[in-house]
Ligand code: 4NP
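Heads up, the chain below is alone and in the form predicted on its own; it's given as structure tokens.
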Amino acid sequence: MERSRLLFVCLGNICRSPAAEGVVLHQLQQRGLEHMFRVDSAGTGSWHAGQPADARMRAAAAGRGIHLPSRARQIVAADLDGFDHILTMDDDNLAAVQALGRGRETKAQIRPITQHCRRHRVREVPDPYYGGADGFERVLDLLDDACAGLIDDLLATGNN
């Protein structure tokens, strides 16, 4: 069985998308499904390339037993064919990823991660970078909900 390839995208790839990557990896491991998925994250910008996730996000995630293993990188056009599902954190990220694929056939389904939320009714995952600790916790709450819904949706549709 081929593994489903998931890419989470935010602006700089140091807060929201590495958190989504870590949350989904954690949830997959808890369910014994890690062998069914390949997971990565990227940013629409390159400012933080090579850096680990923001220390505040790493601390908030660690408080929940979640490890954030990624190093920041910028999304590239090849990702549109290298991943099955590209999940964005906000409308600007969505537009940037869609623009990257404009004028070409792409394999990936591109959509907001919040479409998979079950408990929260939000359009975007807010960027916590310029706020306090509560913003990082809010992001993790939203991603916990959205990532669980994503896994459930992919398993239910056999689209994994």
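The first residue of the sequence shown is number 1, and the count goes up from there. None of these values were measured; they are calculated from a predicted model.
Omitted here: the form predicted in complex with this ligand. The next part is about that form.
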Task: Listed range touching this ligand, judged in the predicted complex by heavy atoms within 4.5 Å, from 33-41, 61-69, 105-113, 128-136 - done: 128-136
Open item on the list: Residue-level question: is residue 15 within 4.5 Å of this ligand in the predicted complex, judged on heavy atoms?
Closed with: yes
Open item on the list: How about residue 48 - does it come within 4.5 Å of this ligand in the predicted complex, if we only consider non-hydrogen atoms?
Closed with: yes
- [ ] Give a yes/no on whether residue 20 approaches this ligand to within 4.5 Å in the predicted complex, heavy atoms considered.
- [x] no
- [ ] Verify the contact flag for residue 11: yes if a non-hydrogen atom of it lies within 4.5 Å of a non-hydrogen atom of this ligand in the predicted complex, no if not.
- [x] yes
